[in-house]
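Starting off, we have a lone chain in the form predicted alone, written out as structure tokens.
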Amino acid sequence: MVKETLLHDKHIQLGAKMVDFAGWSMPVQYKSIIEEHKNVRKNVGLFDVSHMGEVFVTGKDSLKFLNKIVPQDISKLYNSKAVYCQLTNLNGGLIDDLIIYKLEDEKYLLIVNASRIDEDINWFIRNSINFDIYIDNQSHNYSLLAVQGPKAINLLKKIGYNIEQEFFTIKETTLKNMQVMVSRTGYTGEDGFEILIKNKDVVKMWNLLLDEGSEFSIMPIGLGARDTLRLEAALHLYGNDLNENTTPIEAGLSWSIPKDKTENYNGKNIIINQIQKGTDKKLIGIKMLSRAIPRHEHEIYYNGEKIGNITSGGFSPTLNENIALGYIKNLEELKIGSSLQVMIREKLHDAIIVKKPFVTKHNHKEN
């Protein structure tokens, strides 16, 4: 049975086209994907991302436990601070990518991908032996709304959220008599916030944001524009750009791996070895030189030889060009500006390697 968020009926009322995504009935678009995409870049958009998972880890060994299961150094987090992490297996492959928030000493919140909740929980439990912790999956009790775009801050202030907040932090507060946790994070490359709220209040919050956001040209945004927005920002999608056979280094995430972390973690030897000696494959950004649209699993060629596959691809509404992410053999001569070809409908189409992200990110704005 396909699961539904608490906002399912609202999406239907707004005319959304619904699709099955990770076992959830989710809106893929309300009007036009391109229109929704551009509105987030220019104004503000409202996303229902309640399919995401929320897991609390508490107890006196919670820090030691988290430092074992992710390459990032969780000891560097201060209260309310968040960090983007990867959940690695014993071979350094990616079980999931997630955000870890330190709420207070011995209390952390993990936001995980909808498609990986069961796998993540299983991995947490398998790795929790000999740690004095409590793993509390609260995914079924919370909903999550994303408010994204340059006018997101204006909307949040209008409804009473006047807290000074740095990028990648979380704050607990009350908005219009509703208890919420507000993080300055997102998946669009724009400034924005994600509001974690109890299920009983999510419809009220959704209506409030749409009503109060009208003066900022707010629009509800579906999964279609969410995907084009994150692709332009070169943000990974688990199952496309990340999987259990790909390491953080191969995925271009070495910037997130501390080189001085002393604690051992799953896959550390392999990951550190790849940092020092390189990898056999790498993730690149691609721009097509024709109107052909690259899609997941399309083959990438160089000098007549297949060297990789597209992992995510599509039309960029901001650039008015076709772009993609893909893994290729880590050949020294292939750099930014190098020519490639992509096999689309049994025909090779010219492309070049370009710098990631494809558009400038604006998610480090200050109040």
Partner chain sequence: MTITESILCAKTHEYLLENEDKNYTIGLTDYAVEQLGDIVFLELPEVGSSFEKGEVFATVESVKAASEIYMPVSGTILEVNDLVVNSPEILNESPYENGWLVKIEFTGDDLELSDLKEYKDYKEEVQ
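Numbering follows the first chain given and starts at 1. Everything quoted here is computed from the prediction, not taken from an experiment.
Below, we refer to the form predicted in complex with the partner chain, which is not included among the displayed structures.
**Report entry** Lys68, Val83 and Leu235 all contacting the partner chain in the model of the complex, non-hydrogen atom within 4.5 Å
**Finding:** No, because Lys68, Val83 and Leu235 lack any heavy atom that approaches the partner chain to within 4.5 Å in the model of the complex.
Query raised in the report: Within a 4.5 Å heavy atom cut-off, is Leu110 in contact with the partner chain in the model of the complex?
Result: No, Leu110 stays farther than 4.5 Å from the partner chain in the model of the complex.
Query raised in the report: Lys287: heavy atom within 4.5 Å of the partner chain in the model of the complex?
Result: Flag for Lys287 set to no.
Query raised in the report: Is there any non-hydrogen atom of Lys282 lying within 4.5 Å of the partner chain in the model of the complex?
Result: Taking the distances in the model of the complex, the answer for Lys282 is no, it never comes within 4.5 Å of the partner chain.
Query raised in the report: Is His140 close to the partner chain in the model of the complex, meaning a heavy atom pair under 4.5 Å apart or at it?
Result: Judged by the heavy-atom cut-off of 4.5 Å, His140 is well away from the partner chain in the model of the complex.
Report task. Can you check 168 to 176, 293 to 301, 266 to 274, 92 to 100 and let me know which stretch has heavy atoms within 4.5 Å of the partner chain in the model of the complex? Result -> Single hit among the candidates: 293 to 301.
Query raised in the report: With the partner chain left out of view, which of Gln72, Ser115, Thr228, Thr185 would have a heavy atom within 4.5 Å of it in the model of the complex?
Result: Result of the distance check: Thr228.
Report task. Sort through Ile33, Leu46, Met52, Val57 and report the residue having a heavy atom within 4.5 Å of the partner chain in the model of the complex. Result -> None of the other options qualify; the answer is Ile33.
Query raised in the report: What residues in 14 to 30 sit within 4.5 Å of the partner chain in the model of the complex, counting heavy atoms only?
Result: Sequence-ordered list: Lys17, Val28, Gln29.
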